[in-house]
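A lone chain, given as structure tokens: the form predicted alone.
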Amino acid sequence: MPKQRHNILILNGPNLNMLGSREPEIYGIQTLTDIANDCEEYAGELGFTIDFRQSNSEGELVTFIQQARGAFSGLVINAGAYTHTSVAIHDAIKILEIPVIEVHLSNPQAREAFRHHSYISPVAKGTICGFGGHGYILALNALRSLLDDEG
């Protein structure tokens, strides 16, 4: 019996559209388009389809998360600065009935104190941080394992 093809939503928050030129010493030189292309290629190898989105708007990210209910098998989210401030994103994720993986390009624990708290971590299955753009690939692998375990 062939494996189910899973549709994965990958969301990116504010300023991630500036990757490649924004603080490359912290975030690396990959652009968000580079990361999206890597994810698209790797997702195909896993038998996934992905919908890769970015928004600088908290409300738009909440809407995307709400729309994921019933439409996606899993969510990968790098909420950027909203990780540390958004109860609204926390609440939207909390009502999802799909596995959620939180991703950060850098390691927030090794940075400023205000970045140490995440509103997303308590409602995510797991967090991947500090591996740059490769963290998204690790998140897709984690989702593959989680979804395979579900049957």
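The numbering used is simple: start at 1 and walk along the sequence shown. Computed from a predicted model, the values in this text were never measured in an experiment.
Although it is not shown, the form predicted together with a small molecule is what the next lines describe.
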Using a 4.5 Å cut on heavy atoms, which of Ser106, Ser55, Thr31, Ser86 is close to the small molecule in the predicted bound form?
Ser106
So in the predicted bound form, are Phe48, Pro99 and Leu146 all sitting within 4.5 Å of the small molecule, heavy atoms only?
no
Give a yes/no on whether Pro24 approaches the small molecule to within 4.5 Å in the predicted bound form, heavy atoms considered.
no
Exercise: Ala142 in contact with the small molecule in the predicted bound form, heavy atom 4.5 Å:
no
Although the small molecule is absent from this view, report whether Gly20 comes within 4.5 Å of it in the predicted bound form, heavy atoms only.
no
If you check in the predicted bound form, is Arg69 within 4.5 Å of the small molecule, heavy atoms only?
no
Listed range touching the small molecule, judged in the predicted bound form by heavy atoms within 4.5 Å, from 58-66, 87-95, 107-115, 31-39:
107-115
